[in-house]
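Read the single chain below, which is given as structure tokens and is the form predicted on its own.
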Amino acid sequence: MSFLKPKTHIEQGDIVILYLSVNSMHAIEAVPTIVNKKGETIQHVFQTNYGSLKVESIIGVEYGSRVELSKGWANVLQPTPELWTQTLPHRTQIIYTPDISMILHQLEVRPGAVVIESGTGSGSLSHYILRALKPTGHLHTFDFHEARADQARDEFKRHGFATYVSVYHRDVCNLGFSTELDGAADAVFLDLPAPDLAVPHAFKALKLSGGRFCSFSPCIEQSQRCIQELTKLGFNEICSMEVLQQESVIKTRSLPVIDLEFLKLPKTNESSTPNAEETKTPKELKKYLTSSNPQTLPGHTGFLTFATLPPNIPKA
């Protein structure tokens, strides 16, 4: 249950992030034995680029500690949604932190909120939503693929989120979110090939007091069709954006200091000019900390379409 709250020590059954480097992290389950493909119970040994780890040895170890591998060492970290996004098993293409941070902000996800999500996919966004809405909120997440829905349900249970999430196997574009959720949601998020087909169902699911809507689409045509449906149903504050993460390049630059004192000297006549001794550039250099844009820009991720449903819109 290592996702639920901060912990000091690793307990048996915890999900632990084995941190080797920024680009090399692994999520492992802290159990002493596992069952192999032949159905045999064997010792749990995890292999890395720096050698093997006997997983039993990390049980009881303090989170953040350095642990020895057969050819090096690693750190054991408590999982967060950010770390889980970088290590989770991919069942589908996932949404990453830059887009997720904007989605949570725009949907106003907070403790006590009721959020509907479709589709669940690999559960990357779901973990962020669950962290934001617990302990009194609830996530209803839908996926049309039965195996993915079952895998996500099992994953949430193992991570300790079962109380805060309900997972459904359902085609929401054709069947909606079910009548039980009509007027129940504070926010609706869609990650679907044809989000415009699910917009009327999202309209029904949002509370009579209003709510927020978001759709993630890789193509602008999907976003355009979604916006048309949102406009027909009375949504306002509609906008579409693309979030691109860009790091500034920080460098120390040395620049020469030019002595301009000669400009203060009175001129004897109109044609007088400073001599070479007065205008020469001194060898003194001054260091400045500068910031510039990287030479390569990040690639396209997807378009986020946001909208607000005003209160008391008739839904008949």
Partner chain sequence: MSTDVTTPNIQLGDYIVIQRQKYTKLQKFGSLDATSTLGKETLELKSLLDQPYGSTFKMCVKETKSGKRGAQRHHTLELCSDTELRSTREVLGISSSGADNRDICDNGEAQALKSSDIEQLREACNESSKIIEKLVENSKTFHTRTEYSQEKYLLKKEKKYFEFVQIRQPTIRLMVDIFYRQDAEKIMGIRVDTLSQIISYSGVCGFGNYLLYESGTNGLLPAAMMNSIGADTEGTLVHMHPGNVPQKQALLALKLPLEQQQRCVSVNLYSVLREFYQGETTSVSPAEPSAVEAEETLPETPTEEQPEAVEPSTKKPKLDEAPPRGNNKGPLRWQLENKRATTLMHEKFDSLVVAAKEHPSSILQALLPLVRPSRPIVVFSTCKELLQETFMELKTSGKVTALHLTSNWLRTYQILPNRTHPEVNMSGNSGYLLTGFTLK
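Each form is matched to the other, and the largest set of C-alpha atoms that superpose within 1.5 Å is called the rigid core. Numbering follows the first chain given and starts at 1. Everything quoted here is computed from the prediction, not taken from an experiment.
Another form, the form predicted in complex with its partner chain, is not on view; read the next lines as being about it.
- Residue heavy atoms within 4.5 Å of its partner chain in the predicted complex occur in exactly one stretch of 74 to 82, 149 to 157, 115 to 123, 197 to 205, and that stretch is 74 to 82.
- With the partner removed from view, the residue among L88, I227, L192, L181 that has a non-hydrogen atom within 4.5 Å of its partner chain in the predicted complex turns out to be I227.
- Contact annotation for K54: none of its heavy atoms lies within 4.5 Å of its partner chain in the predicted complex.
- Its partner chain in the predicted complex is not approached by H26, whose heavy atoms all lie more than 4.5 angstroms from it.
- Although the partner is absent here, C219 sits close enough that one of its heavy atoms falls within 4.5 Å of its partner chain in the predicted complex.
- Among heavy atoms of N36, none comes within 4.5 Å of its partner chain in the predicted complex.
- The candidate spot formed by I42, H44 and I59 is out of contact with its partner chain in the predicted complex: none of the three has a heavy atom within 4.5 Å.
- Residues from 240 to 260 that approach its partner chain in the predicted complex with a non-hydrogen atom closer than or equal to 4.5 Å are S240, M241, E242, V243, L244, Q245, Q246, E247, S248, I250, K251, T252, R253, L255, P256, V257, I258, L260, in the order they occur in the chain.
- S70: CA moves less than 2 Å between the shown form and the other one after rigid-core fitting.
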